[in-house]
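Structure 1 and structure 2, given next as structure tokens, are two forms of the same protein chain, each shown alone.
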Structure 1
Amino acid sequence: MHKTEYYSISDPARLDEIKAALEGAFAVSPGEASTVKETYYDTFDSALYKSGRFLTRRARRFHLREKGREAASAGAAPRTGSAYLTWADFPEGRLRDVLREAGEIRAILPLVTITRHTRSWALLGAEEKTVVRLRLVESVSGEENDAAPIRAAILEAEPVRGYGAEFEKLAEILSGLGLEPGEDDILSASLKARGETIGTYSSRVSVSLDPGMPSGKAIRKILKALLETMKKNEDGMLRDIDTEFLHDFRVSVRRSRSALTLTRDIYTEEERERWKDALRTLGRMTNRLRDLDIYLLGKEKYAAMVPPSLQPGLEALFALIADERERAFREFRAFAGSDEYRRILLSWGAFLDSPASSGTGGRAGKPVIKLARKRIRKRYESALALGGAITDDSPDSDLHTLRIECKKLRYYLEFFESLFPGDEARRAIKQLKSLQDNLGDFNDLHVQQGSVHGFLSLVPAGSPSERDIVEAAGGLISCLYSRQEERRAEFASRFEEFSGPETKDLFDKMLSGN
């Protein structure tokens, strides 16, 4: 089945020429014309757009429709006037379900408001049946009093099942007129006309490296990409739009610190320590806020662990955690407004823009592929040794140490993914992920028990809910401990899979240079 194709129409006046060419091959039946003013919404990472959907608002009501289709598939009005909506602000129904699935913990943000003019035609074949649907979609954006509003136009060709030959015939006619299908639908075309883009943000490390590139220049490229991700998330983090801005900022900080471990004999020890300390400060100042976010995001999960009799106490405990989170955010925002915070980011950016960030050490000029293979192998072998030494009697700290080593291995694989042919690095990451998930869950459950106990210090002594909160916390800690033990029991099989011959062969092939 063909998908809807989009043709950019720089001059809508060409429509008469296009219709004349089509009338030579099809009967053309005009359809309805419409004009609507609507605002497009999506998450910061374009989750809806990437899933093939548009979310628009007309007046107060939101509408969801599939890309390439005109009719809305769902609609609803939010139950709140909050500045940043989430799926939870909508009533039960398909729209709410789609929003939750696409971006459960992300805010739904306005992108652009346009006036959309749509004219449609049906191309008819034998027996006057519709074989293709055509739409000319024009958008006008900008303020009403703008002297030169921003315009974009797209011709949408929507296939009809069972008429693939007719759809290909249409494509040939349009190609003869110099029109070729492109990637821009009406939303991306409208944003592009304004100098903006959609669907390009990702928190993943995505850098293209050449195997022969000098190691210093490659590390610099990785670090600059990570700083760019930090910058993209800074505004949303400081405005507290949703918790993922802080999370992505922190992950980029952690990855940057990990990348600095690759700069021995590329940067001077003074440079390495200076920047590691600076980035450590950014991580430390966001730790408390992120920890509280994790508990609040997991509220439903924690509530499902304990019996109904403990629910009131748990609800009261989470109210105290929410209050503590507000205090933590105020403290973080104060730090973010400080000279220290600005100095760290500005000096780090200035360093990465300078020639010095390509390194002056003996390894700076050596091919990055050699550095990548050596460091990945070292981390892989270290993970095997650490994991192989863990027994049923090993302390929890041994699993924590292995978790950190696996995380560093994961970062190295992500940094250097583009250096390896095919999907070798991606497959290695997939093999590692199962073990990482087990170790991450185990560590989280261990830490959460201590944190829940620590939250009891927030309970005012002698308060009416003190007893209920203490009982709920005790019940939750017991459940967390039980789940931690389950993860511990799963570790051996997860590690056996990771350390097995399939993974070994994959790493050997990837790192051998053959």
Structure 2
Amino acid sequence: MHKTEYYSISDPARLDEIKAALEGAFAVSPGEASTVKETYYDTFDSALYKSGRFLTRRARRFHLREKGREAASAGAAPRTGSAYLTWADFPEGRLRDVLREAGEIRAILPLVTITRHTRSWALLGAEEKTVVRLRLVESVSGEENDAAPIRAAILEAEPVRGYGAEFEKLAEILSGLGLEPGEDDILSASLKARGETIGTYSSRVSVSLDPGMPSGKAIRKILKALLETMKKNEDGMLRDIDTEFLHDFRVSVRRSRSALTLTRDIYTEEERERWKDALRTLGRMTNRLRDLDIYLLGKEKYAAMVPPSLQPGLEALFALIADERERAFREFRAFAGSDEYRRILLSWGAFLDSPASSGTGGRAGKPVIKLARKRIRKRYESALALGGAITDDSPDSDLHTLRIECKKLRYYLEFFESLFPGDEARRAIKQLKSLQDNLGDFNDLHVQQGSVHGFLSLVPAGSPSERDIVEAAGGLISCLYSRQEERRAEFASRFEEFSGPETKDLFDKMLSGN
């Protein structure tokens, strides 16, 4: 069956020619025309766009439209007040549900304002039956401040079920005019015309490497991509748009440190130490803020853990955590405005731009596939050994060590994904993921118990709610502890799965060869 096709029309002068060609082949019946001025919104990672939806605002009301449809499927006006919109600002209803599902913790940001003209036509067959629906969508943007208007146009051809032959005929006519269907819709076309993009950000590492590439060059490419991700998140992180900016920034820092562990005999010892230190500082200066974010994001979850009698104390505790978060953010921003922070990022960027970052050591020139296989193998085997030695009586710290090992393995698999054929590396990551989730939860629950304890120091001496807070914290800690124990009980089966033959075959296949 056919699907709606999108033809990007870069030269509006051609529209007459297109119309003439269509009228030569079909009876064309004009339909509705409309003009709206609207602002498009999405999360930083384009969650709505990637799921085929447009969120637009006209005056105060927001509308959700599905790609290829003219009618809005939901609409509502949000509460104002917060600096950045999130799903929670919308009244209960379908729009709010969709927004929540698309990005529970991401802010919804304006992208571009356009004036959108839509004209529709029906192409008619015998007995004046509609056989194809056409929409010409034109956008004008950038007229603010008297700048020259920026235009874009998309012709949407929507098939009518059972009339495939006519749809193909249309495609042929358009192809004869040099028009082929493409990926762009009116939003992406408008942004493109302005020199912008949508849907390109992802927090995933995605570098394409060749197996024969020199190791030093490959590492440099990975590190550069990670720095790029850090930079993309910097602005949102400093403006505190949502907590994911800081999170993605930190993950990139951690990944970079992990990539540096691959540089023995590629970079000098001095370089390795210097950059590891610098990156460690970036991590350290954001630890506290992230910890507090995690707490505040989990508020609902924690509230569900403790009985109603402890809720007031928990509320009071969270109010203290929120205050502390404000303070930690100010502290972080002061650091981010400091020479030290600038110097770290600038010098790291400058290093990665210099030839030195391709490595001067003896291993810099060796093919990266060798490095990848060797280091992934080492991590994999070490994870197996560590995990295999864990019994019911092992101390928590053993699981912690295994968690770190698995994380490094995961990072390596991500860095080198492109070196392995098909989706081998993806599949290996999938095998690893379920174990990692278990270990991650276990560790988080462990750490959180300590944090709750630590938060008690935030309670001002003699505060009237002190007792409530202490009781709520006690309740929460015992609940976190019992959940941690549950994770621990699940560990054995998760590890068994990971250490099983399926994973082994996969790794053997990836790591064999030279």
Partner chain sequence: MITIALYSMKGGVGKTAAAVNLAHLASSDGFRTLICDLDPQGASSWYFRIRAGKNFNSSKFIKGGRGIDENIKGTDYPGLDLLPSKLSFRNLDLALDDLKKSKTRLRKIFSEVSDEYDYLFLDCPPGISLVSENVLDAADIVLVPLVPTPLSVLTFEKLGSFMDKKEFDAAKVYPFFSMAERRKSLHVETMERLSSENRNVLASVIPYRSEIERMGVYREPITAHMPGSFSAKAYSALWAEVKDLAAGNVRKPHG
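Take the two forms, find the largest set of C-alpha atoms that superpose within 1.5 Å, and that set is the rigid core. Counting starts at 1 with the first residue of structure 1 and goes up one by one along its sequence. Worth saying up front: this structure is predicted, and the values here are computed from it rather than measured.
- Between the two chain copies, the one drawn from the form predicted in complex with its partner chain is structure 2.
- Comparing the forms between structure 1 and structure 2, the C-alpha position of residue 12 differs by 2 angstroms or more, with the core used for superposition.
- A movement of the C-alpha atom of residue 304 falling short of 2 angstroms is seen between structure 1 and structure 2 when the two forms are aligned on their rigid core.
- Superposition of the core reveals a Cα shift of 2 Å or more for residue 125 between structure 1 and structure 2.
- Once the core of the two forms is superposed, the Cα of residue 21 has moved 2.7 Å between structure 1 and structure 2.
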